[in-house]
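Presented as structure tokens, the chain that follows is alone, the form predicted alone.
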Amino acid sequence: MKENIYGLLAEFDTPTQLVAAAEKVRDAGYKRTDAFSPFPIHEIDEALGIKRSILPFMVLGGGIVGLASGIALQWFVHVYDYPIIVGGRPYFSLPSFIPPSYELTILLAAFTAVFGMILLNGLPQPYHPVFNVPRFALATREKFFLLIERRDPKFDYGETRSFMQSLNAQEVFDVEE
């Protein structure tokens, strides 16, 4: 096996071919895979066996933390630290606490969404080994690519290369690190 490669990259002409190949790769037991396309292909996540993101739960958590911290901060200030009766209202007046708490909920949920997405996507990543393949430049215009990484437990250079060639790929490339 070659030790200086990142993986194997197969080139396809149509999105249908890419999705069919991705399903065969998933069914063969490969886990460390990726697909590249000039436009979104909604079937590719299921075809590669990619699980749903935890980002919505992270955003919900961020919103709940924002709401709780907004109410807690106002309770601390108005009830415990500096209690003043204003307009005959009690110290803890929930209707007046709603707008700031709502704003803090939205703020923390938005920050969690942005930074969670950046973290989960592994960004910033200005370099990826697939950029070493000259034909990969066509991934932004007209070609579709499927990658199997060498880190995959099932990866064996000879077997994986012959398997990828059996997928009716236009060409299979070695991706050097």
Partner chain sequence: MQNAEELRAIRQRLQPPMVEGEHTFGSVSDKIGDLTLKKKTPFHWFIGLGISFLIAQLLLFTVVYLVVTGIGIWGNNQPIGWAFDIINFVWWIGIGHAGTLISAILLLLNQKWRTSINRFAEAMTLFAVACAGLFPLLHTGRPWLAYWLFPYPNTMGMWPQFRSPLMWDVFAVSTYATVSALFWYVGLIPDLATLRDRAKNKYFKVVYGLLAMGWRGSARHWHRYEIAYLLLAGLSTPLVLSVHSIVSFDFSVAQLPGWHATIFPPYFVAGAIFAGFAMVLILCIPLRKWYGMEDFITHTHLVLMGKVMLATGLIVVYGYAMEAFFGWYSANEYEYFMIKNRIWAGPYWWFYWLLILCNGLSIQLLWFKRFRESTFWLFVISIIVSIGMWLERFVIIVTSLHRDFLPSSWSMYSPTIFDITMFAGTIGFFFTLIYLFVRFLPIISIFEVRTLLPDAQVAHGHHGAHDGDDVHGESQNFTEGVNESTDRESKRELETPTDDRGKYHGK
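Note that this is a predicted model, so its numbers are computed, not measured. Numbering follows the first chain given and starts at 1.
The form predicted together with the partner chain is left out here; the points below concern that form.
Query raised in the report: Is S166 close enough to touch the partner chain in the model of the complex, meaning at least one heavy atom pair within 4.5 Å?
Result: The answer is no: S166 has no heavy atom within 4.5 Å of the partner chain.
Query raised in the report: Would V65 count as a contact of the partner chain in the model of the complex, using a 4.5 angstroms cut-off between non-hydrogen atoms?
Result: The answer is no: V65 has no heavy atom within 4.5 Å of the partner chain.
**Report entry** the partner chain contact at M117 in the model of the complex, heavy atom, 4.5 Å
**Finding:** Yes - in the model of the complex, heavy atoms of M117 and the partner chain come within 4.5 Å of each other.
Query raised in the report: Applying a 4.5 Å heavy atom distance criterion, does D152 contact the partner chain in the model of the complex?
Result: It does not: once the partner chain is placed as it appears in the model of the complex, D152 has no heavy atom within 4.5 Å of it.
Query raised in the report: Who in 161-177 is close to the partner chain in the model of the complex, meaning a heavy atom within 4.5 Å?
Result: Read in sequence order, no residue approaches the partner chain (within 4.5 Å, in the model of the complex).
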